[in-house]
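Heads up, the chain below is alone and in the form predicted on its own; it's given as structure tokens.
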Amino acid sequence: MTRPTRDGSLQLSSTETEQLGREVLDMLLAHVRDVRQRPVTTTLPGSQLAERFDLGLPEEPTPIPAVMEQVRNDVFGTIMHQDHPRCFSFIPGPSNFVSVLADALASGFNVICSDWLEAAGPGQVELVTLDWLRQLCGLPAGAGGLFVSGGSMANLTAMGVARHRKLQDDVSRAVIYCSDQTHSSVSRGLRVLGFAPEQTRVIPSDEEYRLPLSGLEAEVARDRAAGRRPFCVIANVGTTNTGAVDPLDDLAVFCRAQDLWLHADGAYGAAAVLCPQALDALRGLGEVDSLTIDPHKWLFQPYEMGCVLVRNLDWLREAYHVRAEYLNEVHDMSQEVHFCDYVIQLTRGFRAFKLWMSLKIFGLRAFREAVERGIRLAEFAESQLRASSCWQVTTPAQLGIVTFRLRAGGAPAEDDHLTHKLVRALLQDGYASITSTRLRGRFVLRLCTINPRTTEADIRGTLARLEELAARLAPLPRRDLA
């Protein structure tokens, strides 16, 4: 075979460009068409993949067909399909094809959405899309934010604003309050921002895994009496473990009275604001000082796409703006919004485009129906679990998540070990994927049912497969599902 020739222009021939473009698009179309028939998870040991990839720096060009074969088999053939209808692990990313193509366009045009000079149209798209989210979440006019990589960066960005506004960046004796269900990204972000672990009060959650106001009040009073500086409360809007929502309205009243910053981590659950039956649980969402929401979760966008909103857009600029001498032409356009002034990143991709384009093409009603479907599917899963003698529901369905465990009847340590074995067995089986978590010291299984292409048959089939696998690991009562 004749080896391809390439030069320093880093361009393919016209024929190669068209052929590669068609092959990539064909791969994407085949994935969308066939993902349901594929195993949810395929993985290989690192040692085996190293043999296929660690072949030294490729000084000379590799034929495109050989590269694409490895892309199909070794790259995208060894992943968990987050958009698979039977992927119930972690918080899956269902995605949608319109947004996939939007991402391709944003990448193809190589947009840097950092300042108005370089991306006026994309900047306006981001402003409009952010304002749509602001309106949906009930934040006031004047609130705003920007899109970031995900919930971890959104939480970090919000905490940086809180530190600047409430502490003038002096973290000495400052105290933060959260529940034991708060996402791990918060503790990591606080560490980056200079807070020591002992400056965080982790308050035991109540019976519904929510932050109890009484416990918060007691901790704040104790710290004030000791001469410390309480300054921030972190509320959960849909915990990863159970979908629980902290009492936002009560927390907002308390924080206003105590002059505390209230941050809501709604990376998962804030999107449920689209669903009328969830509005009662989300009462007070519009009263927070800052909010995290991840469109790459329950707004069905491809990774990476998080969002941070703050009650006053100027607060972001006050916290992060640094004037650079090489951006003179940018700063001359002082009347425009330059997103690089509002966040840690200078170089930013055009993340807003995929959410804007999919909302325009599908319409908000379709998104609302998709969120409602995820909530109903978790409730359906709970009904199936309760109808079976094999399972014990540990937390009821809320915001698309239900947790449960086997009625194995062994010692707690034995049952926890069996839970781990069951998760591994299902992941190896490939029919579906679930993951475990720990509640009150015990391991439980959890289903997150937010993919709008998941069916009730997928739920039934997954539970049936779980019981088949469990029966091989330990004797269990047979199921009796309606």
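Given the structure is predicted, the values throughout are model-derived calculations rather than measurements. Each residue number is its position in the shown sequence, starting from 1.
Same protein, other form: the form predicted together with a small molecule, not shown, and the subject of what follows.
- Stretch-level contact analysis of 346-354, 97-105, 157-165, 259-267 against the small molecule in the model of the complex, using heavy atoms and a 4.5 Å limit, identifies 259-267.
- When the small molecule is considered in the model of the complex, Gly150 lines it closely, a heavy atom lying within 4.5 Å.
- Contact annotation for Lys297: at least one heavy atom lies within 4.5 Å of the small molecule in the model of the complex.
- Of the heavy atoms in Arg405, none are within 4.5 Å of the small molecule in the model of the complex.
- In the model of the complex, the small molecule lies farther than 4.5 Å from every heavy atom of Ile375.
- Put simply, of Ser388, Thr240, Gln398, Gln82 only one has a heavy atom within 4.5 Å of the small molecule in the model of the complex, and it is Thr240.
- The partner is absent here, but in the model of the complex a heavy atom of Ser185, alone among Thr129, Thr200, Ser185, Ser205, sits within 4.5 Å of the small molecule.
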